[in-house]
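Quick heads-up: it's one chain on its own, the form predicted on its own, in structure tokens.
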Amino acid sequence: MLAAAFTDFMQQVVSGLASGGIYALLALALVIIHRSTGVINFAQGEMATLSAYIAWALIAHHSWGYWPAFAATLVISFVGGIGIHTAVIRPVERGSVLRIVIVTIGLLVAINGFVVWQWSGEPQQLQSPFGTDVYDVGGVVVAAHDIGTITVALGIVLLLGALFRFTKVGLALRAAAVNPEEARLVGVRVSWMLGLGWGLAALLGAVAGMLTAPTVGLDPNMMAAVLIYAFAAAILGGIDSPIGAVVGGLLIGVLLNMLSFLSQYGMFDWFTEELRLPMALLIILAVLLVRPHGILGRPEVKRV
């Protein structure tokens, strides 16, 4: 009994890390845009869904292999993110925060409508590139897709971390996000850097969308719930902290799975699958009330 419970526990941890890796990617995209514009991009989930559909179209209708389609989709998403900033966000970025929020909500509706118009609302299937095999690791059965998802998510996060820390472009991106006025004084092209940030956020969303589709099915609304979990991850980790977004995503993924695990053994037996999304919303509310800057975020300091 104890051995079976431990095995189930470890499987839930691995599965939680896989789903948490996806939340972390989308949360990181939210943080990048928030740091550069001061607002939440409500269209981030729809942008990820559009990217997943582009990958599916290349594979299903143009006979591309998964990884070439994956790479092409990343490029298309990156360029598309820059284009959205240039054509839609830049004209309003000096206006009120509310105006930018309304624009992102408009983007959400427009992208969702385009996906339905272009590919209909019928669910499609994007096959996992990692196959359907499962592996027995010390008695713990781990799906190949979970292992692949964790590996890809962590790999993307590490590459992005290296970009921000060790390259001139990364340093310029950080400077433009933290203090755009001073960045302009030292020659940083802030508008271009902000556009690059949107491109990176779109790229991260594309990865999240392509990793989500094989497990939940390709659907115009498939990222709606994932975006809520990513919000919770970003708020929990700190909306201005990229590292916090990653930590928050992994914590949310494991926590929700742990609640499901404990409910099977008589603890938290009130928790059901239908309560996963409300629990994420409850986490957002609790963090905003108790620690608004999150685990790793910096508290806002106002000088008077």
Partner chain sequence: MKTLLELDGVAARYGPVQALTDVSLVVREGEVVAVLGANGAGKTTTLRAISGTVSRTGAIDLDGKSLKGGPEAIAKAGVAHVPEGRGTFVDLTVTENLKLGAYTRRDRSVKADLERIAEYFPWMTERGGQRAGTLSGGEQQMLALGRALMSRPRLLLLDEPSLGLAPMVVREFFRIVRQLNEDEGLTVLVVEQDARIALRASQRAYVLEVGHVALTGTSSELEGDESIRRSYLGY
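Source: prediction; values computed, not measured. Residue numbers count along the first chain shown, from 1.
This protein has a second form, the form predicted in complex with its partner chain, left out of what is shown; the following refers to that one.
- Residue contact check for residue 182: one or more of its heavy atoms lie within 4.5 Å of its partner chain in the model of the complex.
- Taking the partner from elsewhere, residue 188 is found to have a heavy atom lying within 4.5 Å of its partner chain in the model of the complex.
- For residue 178, a non-hydrogen atom is located within 4.5 Å of its partner chain in the model of the complex, even though that partner is not displayed.
- Although the partner is absent here, residue 168 lies within 4.5 Å of its partner chain in the model of the complex, judged by heavy atoms.
- Of the candidate stretches 168-176, 220-228, 84-92, 112-120, only 168-176 has residues whose heavy atoms lie within 4.5 Å of its partner chain in the model of the complex.
- Among the residues 193, 144, 74, 152, the one placing a heavy atom within 4.5 Å of its partner chain in the model of the complex is 193.
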